[in-house]
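In structure tokens, one chain follows: the form predicted alone.
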């Protein structure tokens, strides 16, 4: 199986420059986080669609031949990829039809429609099959959320930016679900800084990628099991392609509890002044617990959260002592 290369990712960086924000690295807390370099946040929530997904979606559309792109695109998504494909399709002036689970946060569904895409709501387990039907009936092209080299290369530009802004980075923590973001980031970081540890993080209640990593082969969890987590953007499962990248380049996969995710959302709001959805906060939750040695970069993958959910998480009383002040 051919894997994405650093050359692919560098090429993607040039193609997505007109559409994606080069997000900054923001220091969290003081320099004494671990005594050797601090904790740094990569807020992909600042992207035009509120999530990193714009990188891969725009790159995939940009790589399509013009006549193929003009026939339109179809995607299936838990919400963030939906907005990203809708945004990219609008910029290219082509139609987009997006299949979204009927449990997706309202804010994500409404934002996708506002970008001009047609949204089709289905039970989570039917997303892919309904998308395949639409591709056949419309003559459109499928833009998958993670299982495509162009999508992976686009997401890998996050890793390029991390290493450019923090050359001595010791650890990069990355949310993982379908694995496109982790695949791209790990490919880029290992090519540019081989000694840096790249660690994926997912919810315990959707911990299939971590289970697969431990087993050395894909372990499948049911959609119902994966749907239990509050991190609605992390309910997908890795593909053969993304798992090949993860096995080749990731150093470890960790899981975090629902309580740790909720607490992370609240701390990011109160202490970093950032709106981050539960899915986007899992890597930060792992950093708070694990406290990696050396300069550490945490990818905050998105900030698309229903206001009611966000308000409830921020209102929660912080549990336990703050380890940075212990």
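Numbering follows the first chain given and starts at 1. Just so we're clear, the structure is a prediction, and the values are computed from it rather than from any experiment.
There is another form of this protein, the form predicted together with a further copy of the same chain, and it is not shown here; the text below is about that form.
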Next on the checklist: Is it true that 161, 244 and 247, all three, sit within 4.5 Å of a further copy of the same chain in the predicted bound form, judged by heavy atoms?
Outcome noted: no
Item to check | Proximity of residue 62 to a further copy of the same chain in the predicted bound form, heavy atoms at 4.5 Å | outcome: no
Item to check | 4.5 Å heavy atom contact, residue 278 and a further copy of the same chain in the predicted bound form | outcome: no
Checklist entry - Would residue 272 sit within 4.5 Å of a further copy of the same chain in the predicted bound form, counting heavy atoms only? => result yes
Checklist entry - Within a 4.5 Å heavy atom cut-off, is residue 262 in contact with a further copy of the same chain in the predicted bound form? => result no
Checklist outcome for this item: Partner-free chain; cross-checking a further copy of the same chain in the predicted bound form, the single residue of 228, 214, 71, 90 with a heavy atom within 4.5 Å is 90
Item to check | Candidate from 251, 133, 110, 102 lying within 4.5 Å of a further copy of the same chain in the predicted bound form - any heavy atom | outcome: 110
Next on the checklist: The chain here is shown without a further copy of the same chain. Which stretch in 253 to 261, 41 to 49, 63 to 71, 285 to 293 comes within 4.5 angstroms of it in the predicted bound form, by heavy atom distance?
Outcome noted: 41 to 49
